[in-house]
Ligand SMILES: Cc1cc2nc3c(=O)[nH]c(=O)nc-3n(C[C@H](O)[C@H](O)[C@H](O)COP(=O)(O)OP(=O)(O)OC[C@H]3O[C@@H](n4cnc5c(N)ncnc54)[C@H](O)[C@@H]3O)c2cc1C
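Encoded as structure tokens, the following chain is the form predicted on its own, with no partner shown.
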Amino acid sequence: MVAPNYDVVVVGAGGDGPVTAWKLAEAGLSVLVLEAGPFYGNEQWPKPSEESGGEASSSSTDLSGELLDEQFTTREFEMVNKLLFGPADHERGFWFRKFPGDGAILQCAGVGGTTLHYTGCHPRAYPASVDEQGHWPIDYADLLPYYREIEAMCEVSPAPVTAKEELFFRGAARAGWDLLHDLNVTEPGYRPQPNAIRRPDPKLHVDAGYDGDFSYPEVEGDTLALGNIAGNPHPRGAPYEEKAKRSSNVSFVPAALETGNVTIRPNAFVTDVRTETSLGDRPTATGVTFRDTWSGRTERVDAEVVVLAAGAIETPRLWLNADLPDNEWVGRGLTIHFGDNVMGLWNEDDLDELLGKDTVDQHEGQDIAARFDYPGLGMLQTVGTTPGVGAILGFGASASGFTFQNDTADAPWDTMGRLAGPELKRLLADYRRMLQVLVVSDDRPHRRNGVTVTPGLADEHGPIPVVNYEPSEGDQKRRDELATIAAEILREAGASHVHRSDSPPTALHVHSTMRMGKVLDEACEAYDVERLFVADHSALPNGVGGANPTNTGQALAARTADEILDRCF
């Protein structure tokens, strides 16, 4: 049962909220975590999308690997529909967010949040993005002890190399770039992706000739089955905490529950932050009101401290809907790592000469296992997808229209734009000889980009988020330069055809809408509301240079927990 009051209420059990809850609970505080979505793999909710189930979970003995295996299938379409931002009861539809153009916001609801479908990528921010861009009120050195703590909890290690990574590394080396060895990247170069995925069982090495069962306990660690975007329940049969991908529900949630001080209440959408204001003082947070997404019943809970960790879209939405004090930067400064996709296609004979086989087989290995870093511009990373997802990302949408509308005579790619019909069919027929490179740019925070709410455009939880994003000329140039480098690497790796998507803006990584230094102070406490903290990617002052943000978001959430203990308890 949820009690009427706690030391701390954390709003959101996504990638970052469980980190803060774990740290505070380890210090002996009572913590309630409210999550809008379902709790998969928990015996309190054996059918989380069909029945309301239990009310709350306070014990790690509720966690079940067997149940997670039932609920997280390897059927791509089923899981893509399950892991979106909406209520546990899918019959009620998704929670709508308004986003411009053909782009989309890729986020999950549920305990684990967007780490349920992320690919495990856990690099650190580029030091220059923290120390030299002028957005951060703290130094990169302040984050280092927290990076080490998060990386140990998530068992971060270099991704294993399969054919697609070998091909990318070969191209990068031939293009003159260096292999990087340091986790704190200050120069351009390439390296294996630091992933929060357990290393594969040694018996799965290509030279070991393993021909046995791929389920637990015959195989421990990653099975290289390319299932992270669909939740990755591998290895099948493993206990909940032994799953290979260290998403926050597998790494931090069990640790938090094991303290005995944490209660997690899923299916609870927070609609209000309550405050008290003494005469002449700024408001102080005293608790929240939430709505049960099954019954519609509203409840309130009191707390000494409120932590917002609902993500870079919902946290500013909650602030704006809760009628908290005006701050011109609430919801503003959105960065999304303005991205693109560049595809390489190889001839069979060339691949045979390069790899000793005539296919790339991007479906083998970890989803994203090789990267190219360029502080000041952003990053490139190889992406292994199934044909359907690959077709959507690489050929399904373009800001430049269809390929026949674009003259590429002087471009570093052979084709650019959207593909359809026979040409799409011809390219996808060669899926096994194709490799996709994701371009992720260091887009900078601009006040015009962000999240607002409009009265009258509402759902059952109040006015919905209206998201605006328009890249600057500088953002466009950084993305173009990275796309050119990607094409060069693919050419040097022997690709016979290079295609650029020129993708429309899509919110793959979402951050910086409640920025430190603008809305939050150096401890991530709101300037305008006492005892109200933020511990999610919205607190990041910029896009951390273009590096995947999960490690930095979690490191900052761990630091925020220490700041809460220092200031409030």
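Everything numeric here is computed off the predicted structure, so don't read it as measured data. Note that residue numbering follows the sequence shown and begins at 1.
Just so it is clear, the following notes concern the form predicted in complex with the named molecule, a form of the same protein that is not shown.
- You can rule out all but one of 405 to 413, 212 to 220, 479 to 487, 105 to 113: in the model of the complex, only 105 to 113 has residues with a heavy atom within 4.5 Å of the named molecule.
- Exactly one listed residue, out of 508, 68, 523, 29, brings a non-hydrogen atom to within 4.5 Å of the named molecule in the model of the complex: 508.
- This chain appears without its partner; in the model of the complex, the one residue of 449, 362, 119, 251 with a heavy atom within 4.5 Å of the named molecule is 119.
- Contact check for residue 556: every heavy atom lies farther than 4.5 Å from the named molecule in the model of the complex.
- Residue 12 belongs to the set of residues with a heavy atom inside 4.5 Å of the named molecule in the model of the complex.
- Taking non-hydrogen atoms only, residue 48 never approaches the named molecule to within 4.5 angstroms in the model of the complex.
- By the criterion of a heavy atom within 4.5 Å, residue 229 is counted among the residues contacting the named molecule in the model of the complex.
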